[in-house]
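Structure 1 and structure 2 below are two forms of the same protein chain, each written out on its own as structure tokens.
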Structure 1
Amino acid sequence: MQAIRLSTFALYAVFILAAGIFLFPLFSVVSLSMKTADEVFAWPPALLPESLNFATYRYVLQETLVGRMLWNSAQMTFFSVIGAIVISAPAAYAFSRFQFRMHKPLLLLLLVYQMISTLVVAIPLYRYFESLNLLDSHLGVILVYITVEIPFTIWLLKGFFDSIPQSIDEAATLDGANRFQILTRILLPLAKPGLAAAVIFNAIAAWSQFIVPYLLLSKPEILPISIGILNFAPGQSEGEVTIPYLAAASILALLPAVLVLVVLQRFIVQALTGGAVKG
């Protein structure tokens, strides 16, 4: 009994230590966002601000383009996730239910494509979009986001469709349903946890994208928040202490992603245990 208690205590100690390692940087940024310039440069540095100071958040939201940048990120994330789901769901259904020529090589090709870094294609991508007149356009960025998200979404949804018995399709066919109706009215509702997981992963990936918008966008009013917070980096504004503003903008940029994760996180668990990880 004593050995079990010691092992339980050690397990909780490891959990607390791991939580502390991950949460301390976040706590430091929150603390920094509430400090004044004098507190930022005080020595020895204090872990906590002297008071809860939200002036930096008011300044960032009212006097800068952060609000606009958050809206830009929300639009690009929303439309890229919708686009990726609309294109990937029929493709995942086809890979799951049909055996056609080049079935496995195409699946492998999607996996290989997923491994290609955006940095590798940065210069060709820029020149191609320049020729299409899609630079400084949200549409161009959204199209790239969708292209990047499609392979992962197909693999995720295919695994989930594989876990749904094909006898359900056969029963629906006997009742007169066509393929489109089977997909939209039967399989997608049954694959709701997988869809939610795809939405979460793609939304977080799109929200945090840096290379693509940094490459294709240059006008401040159309930048997403992942690029916009660079304007608060030390050295961007000569003679001005921007560290608290940078910390406040970073926290504001983090909140929507955390909110999506908290609201839909139970679907991730269902997806991982319900078939989304099956090949």
Structure 2
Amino acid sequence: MQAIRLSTFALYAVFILAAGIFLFPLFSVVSLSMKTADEVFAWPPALLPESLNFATYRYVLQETLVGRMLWNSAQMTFFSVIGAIVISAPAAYAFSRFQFRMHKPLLLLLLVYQMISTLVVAIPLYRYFESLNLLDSHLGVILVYITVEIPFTIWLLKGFFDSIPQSIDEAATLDGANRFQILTRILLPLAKPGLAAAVIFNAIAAWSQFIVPYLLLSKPEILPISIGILNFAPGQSEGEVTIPYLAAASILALLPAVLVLVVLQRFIVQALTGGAVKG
């Protein structure tokens, strides 16, 4: 009994330490984002701002392009996630329900794609997209995001389709359903947890994309927030007083991803622990 109590105490110590380490960077930036210029220069620095001051957030959203950039990120994330599902689901169906000669090599090829840095692929895209007239357009970026998301999505959905017994397909066939109907009306609804996981993972990945939009987009008003932040950094604009604004913009940029995580973390942990990672 004594030993159990002692180890529970030790566990709590680990928990508090971990929570501290993982939350402190976020906390200190939130704190900074609410400080006024005077507070920023005050010495010694205070852990907390003097008041809950949202003026920096208001300024960042109203006077800078950050709001626009958040909206751009949201749009690109949304359309790429939908596109990736629409394109990947039929392929996942084929890998789950057909036997063919290229079955295994193609599946492995998908893994290879997934392991290659997007930087490698992105470098020639500038010239390529220039010739396709897709530079400085969200469409071009979305097409690349979809491609980046496809390998993972196929693997994930294939895993979920595999766990649905073939007898369901057979029964539906007897009812006169064709393969397309089987996929859209039976398999996809049954694979909802897989769809949810694919949407969450792809959305988080798309929200974080950096090099692809950096290369393909140049007009400030169409940039996603991940690149907007980089230009927002002091050093390019000089003067320390910009720092609370940078802090506020950073918090705004990470908030959607963190909110999605907090609300949907059950799905994320389920998908990660369900063998999806192992492929």
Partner chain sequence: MTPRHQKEAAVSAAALLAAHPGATQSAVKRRAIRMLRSPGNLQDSPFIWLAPAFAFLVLFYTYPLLDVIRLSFTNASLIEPDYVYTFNSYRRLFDDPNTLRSLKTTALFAAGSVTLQLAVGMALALAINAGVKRHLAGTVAVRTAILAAWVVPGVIVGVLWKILLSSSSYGVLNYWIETLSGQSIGFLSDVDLVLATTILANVWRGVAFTMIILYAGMQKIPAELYEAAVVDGAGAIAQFRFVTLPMLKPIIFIALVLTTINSVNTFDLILALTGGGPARASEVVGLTAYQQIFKFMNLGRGAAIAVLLLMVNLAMTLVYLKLMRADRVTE
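Take the two forms, superpose them, and find the largest set of C-alpha atoms that agree within 1.5 Å; that set is the rigid core. Every residue number counts along structure 1's sequence, beginning with 1. Since the model is a prediction, treat every value here as computed from it, not as a measurement.
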Could you let me know which number goes with the form predicted on its own?
1
If I align on the rigid core, how far apart are the two C-alpha positions of Leu261 between structure 1 and structure 2? Answer in Å.
2.6
